[in-house]
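Here you get one chain, nothing else, as structure tokens; it is the form predicted on its own.
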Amino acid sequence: MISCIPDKIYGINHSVMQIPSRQEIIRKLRNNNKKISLVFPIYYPSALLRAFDIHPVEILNAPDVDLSLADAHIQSYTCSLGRILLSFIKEERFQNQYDLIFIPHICDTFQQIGSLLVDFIRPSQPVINFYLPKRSDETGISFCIDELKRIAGILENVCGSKLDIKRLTLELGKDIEINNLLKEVFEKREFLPVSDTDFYRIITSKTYLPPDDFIKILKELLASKTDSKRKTGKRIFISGISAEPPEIFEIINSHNASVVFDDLAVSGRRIIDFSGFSDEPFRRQSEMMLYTMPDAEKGSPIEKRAYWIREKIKRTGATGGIFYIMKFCEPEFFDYPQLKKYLLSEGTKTFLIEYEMTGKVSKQNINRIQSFIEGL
């Protein structure tokens, strides 16, 4: 199993929202002879892949993989996400679940794994390395357009068919609709009758659900909006790559606190802060990856990240923040000291937790979370 998403989430309009698991989606796609691409998080041209009838499935965690498979190739002090993904690729029981491996180079670890796969491991599936620019100005956009055209050429060879520009435009339109719905969902978060855990699980189901299915879920979620805010207790935010395992939210809630916004790379940072999209499809796809919220993984300036977090704090009334950072994740650790100093000068306390994605939240970290919340 590669999914921690439950089959059912309760509490919306007194009914049951059905969210298929990752495995269910993979089986359905396989039964329909659909190609699947295993994609590394976080920024990849989803619409371009779908335009070739390739469905991207993003892996955030696979807790039952054999990490020794990765440890034979990369250092044990590599981040747990990188070790999980490489082990997942090497495990034979998963290899019939995807036809392509797509790796955006958002950090040194992913770049290292991409090189290892192409030059040494050489899996049976094609490997595409995607070089995402670390800037969102015109130079970055131009580079990204060229990179996408290069990848389109590779996909044409892999699939044996030419890119259908009309199909690409259609798929881009779906991603824009999803972004607009997500903006509304995040804005109305406190009026939605779901727990913090279920909210996160709904949002991250975007990583594997077909767009039409995810759009339907978001619309159903918004239709459940109430007129009054949920009782929240102490109000905090959470920052980092992801919140794995999602039970971290239950731990926070059990100590009379709730998450009123997140600065997670797999969630809040993915929102596109842009509306004037180009009509040219390759440029539009570039804009959709580069014009997201400030992100350490894309080298966003500290000032922009601090400003974005500060504005969210003002709007939500958060009094503290947990930086839930994966061990050895250098981009996140590089940013934290400066963000901590800036936010503290604004009166917001922060707290750092290092974690390994491979296990449960430790008792030590549970106690530290409790102490931090009690001190707010």
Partner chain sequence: MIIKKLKYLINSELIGKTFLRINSLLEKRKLKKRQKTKKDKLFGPPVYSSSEMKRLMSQHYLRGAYTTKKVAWVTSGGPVEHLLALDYHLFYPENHAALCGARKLSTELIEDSEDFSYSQDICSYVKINFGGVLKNRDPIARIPRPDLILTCNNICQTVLYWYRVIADIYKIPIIVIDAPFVYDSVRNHQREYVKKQLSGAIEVMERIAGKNLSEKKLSEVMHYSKEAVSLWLKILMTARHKPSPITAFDTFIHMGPIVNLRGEKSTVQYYRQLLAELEYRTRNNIGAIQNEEIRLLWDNLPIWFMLREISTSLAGKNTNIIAATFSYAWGELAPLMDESRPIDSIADIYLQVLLNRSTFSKLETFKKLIRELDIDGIILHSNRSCKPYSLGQIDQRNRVASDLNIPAFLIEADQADSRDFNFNQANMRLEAFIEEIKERKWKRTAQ
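Residue numbers count along the first chain shown, from 1. If you're wondering where the values come from, they're calculated on a predicted model, not measured in any experiment.
FYI, the form predicted in complex with its partner chain isn't displayed, but the following is about it.
Annotation: in the predicted bound form, residues 302, 327 and 340 each come within 4.5 Å of its partner chain through at least one heavy atom. In the predicted bound form, its partner chain lies farther than 4.5 Å from every heavy atom of residue 185. The closest heavy atom approach of residue 126 to its partner chain in the predicted bound form falls outside 4.5 Å.
Although the partner is absent here, residue 197 is not a contact residue: none of its heavy atoms lies within 4.5 angstroms of its partner chain in the predicted bound form. Under a 4.5 angstroms non-hydrogen atom cutoff, its partner chain in the predicted bound form has residue 331 among its neighbouring residues. With its partner chain omitted here, the record of contacts in the predicted bound form names 102-110 of 255-263, 213-221, 269-277, 102-110, defined by a heavy atom within 4.5 Å. Checking 94, 191, 291, 143 for any heavy atom within 4.5 Å of its partner chain in the predicted bound form turns up a single hit: 143.
Comment: its partner chain is not present in this chain, but in the predicted bound form one of 158, 176, 116, 170 has a heavy atom within 4.5 Å of it, namely 116. The partner is not shown here, but in the predicted bound form the stretch 56-73 reaches within 4.5 angstroms of its partner chain through a heavy atom at 71, 72, 73.
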